[in-house]
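First comes one chain, alone, set out as structure tokens in the form predicted alone.
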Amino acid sequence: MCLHFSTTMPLSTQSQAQDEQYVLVASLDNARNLSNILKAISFKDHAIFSATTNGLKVTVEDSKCLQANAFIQAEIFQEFTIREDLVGFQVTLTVLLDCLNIFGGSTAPGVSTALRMCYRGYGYPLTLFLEEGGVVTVCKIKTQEPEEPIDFEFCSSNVTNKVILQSESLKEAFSELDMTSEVLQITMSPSQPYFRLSTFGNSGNAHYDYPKDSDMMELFRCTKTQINRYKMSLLKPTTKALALSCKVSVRIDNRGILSLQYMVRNDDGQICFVEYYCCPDEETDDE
């Protein structure tokens, strides 16, 4: 549930005494810096928010096979105050995005919506104060106790293959591959074809190869040949993050779990990260 009412009191006049009732206060001069990165993980209704002194982590999951995490570091916010070691809650992501864009999400130069996000603790709503042109709108969004996110136990010591690409080259690959395919097959190998994406759709089989010395390849670190397939229906939500990103790290661990980590630069040139974990569709014997 989302409640709106307007007042003309600017955000800057809110007193320190008011802030002390909250366990979390986070402010941004430009609400788009939060809404854009949340759109990159918006494929299910519920989002789990987890705040620490390092910043905000927002998690969205699908059927224990796909998990997306958006990381917004504390330094991104103009103010980030947390009064507990860990603050967690769950909200309906579509409602939150509607509230963040209540002024229309203007992209006009010099026009931005300021955001002050406050949370009092368990049982209380998430309160958003949004200000544009001297008008403040207050939105209160119902929160729930957060579910425990799935632990994919993905750690760098178990990563067998890793590449870092310019995002443009991955966008190009997705535009050329047959998206009617039920799966995307990823081949990573220390020898040819090095890094290959394959689809098996209505128009036949298609392959997209990256030479390891390609200009688009910033890092190539493959220790063994791995061939894994991933459901295209699970990977399609990741294209939202790809569209916003400038670089992408592709990692696969020894179980075939895929990590796609996107580097996203916001309107102010600051860097945030979105990471997706995806379970393999089926095991394929190494060639």
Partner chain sequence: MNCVLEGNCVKAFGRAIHALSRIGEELWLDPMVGGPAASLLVLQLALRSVNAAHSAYACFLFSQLFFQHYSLGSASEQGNETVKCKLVIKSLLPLFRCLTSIERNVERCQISISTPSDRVTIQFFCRHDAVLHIVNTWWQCAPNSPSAFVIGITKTHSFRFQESEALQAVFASHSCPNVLQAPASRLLSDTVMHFPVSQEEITLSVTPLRLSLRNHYERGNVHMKIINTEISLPPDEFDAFQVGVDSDITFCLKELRGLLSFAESHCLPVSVHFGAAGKPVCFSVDNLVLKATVVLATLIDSESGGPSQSPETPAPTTPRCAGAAAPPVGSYDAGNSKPQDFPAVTELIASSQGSPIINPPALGQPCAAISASTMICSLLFRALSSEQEDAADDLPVLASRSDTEEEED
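Residue numbers count along the first chain shown, from 1. From a predicted model like this one, the values you see are computed outputs, not experimental measurements.
Quick note: we don't show the form predicted in complex with its partner chain, though the next part is all about it.
K.L.:
Though only this chain appears here, would Gly134 touch its partner chain in the model of the complex if you measure heavy atom gaps against 4.5 Å?
P.N.:
It does not: once its partner chain is placed as it appears in the model of the complex, Gly134 has no heavy atom within 4.5 Å of it.
K.L.:
Test of understanding: in the model of the complex, would Gly204 fall inside 4.5 Å of its partner chain by heavy atoms?
P.N.:
Close contact exists here: in the model of the complex, Gly204 approaches its partner chain to within 4.5 Å, heavy atoms only.
K.L.:
Residue-level question: is Met216 within 4.5 Å of its partner chain in the model of the complex, judged on heavy atoms?
P.N.:
It does: once its partner chain is placed as it appears in the model of the complex, Met216 has a heavy atom within 4.5 Å of it.
K.L.:
Quick one: does Gln78 come within 4.5 Å of its partner chain in the model of the complex, counting heavy atoms only?
P.N.:
So Gln78 does not count as contacting its partner chain.
K.L.:
Considering non-hydrogen atoms and a 4.5 Å limit, which listed residue (Thr92, Asn101, Thr127, Ser169) is close to its partner chain in the model of the complex?
P.N.:
Of Thr92, Asn101, Thr127, Ser169, the residue with a heavy atom within 4.5 Å of its partner chain in the model of the complex is Ser169.
K.L.:
Report the residue, out of Ser175, Ser156, Ser191, Thr180, that has at least one non-hydrogen atom within 4.5 angstroms of its partner chain in the model of the complex.
P.N.:
Answer to the contact question: Ser175.
K.L.:
Report the stretch among 147-155, 69-77, 119-127, 205-213 that approaches its partner chain in the model of the complex to within 4.5 Å, counting heavy atoms only.
P.N.:
After filtering at 4.5 Å, what remains is 205-213.
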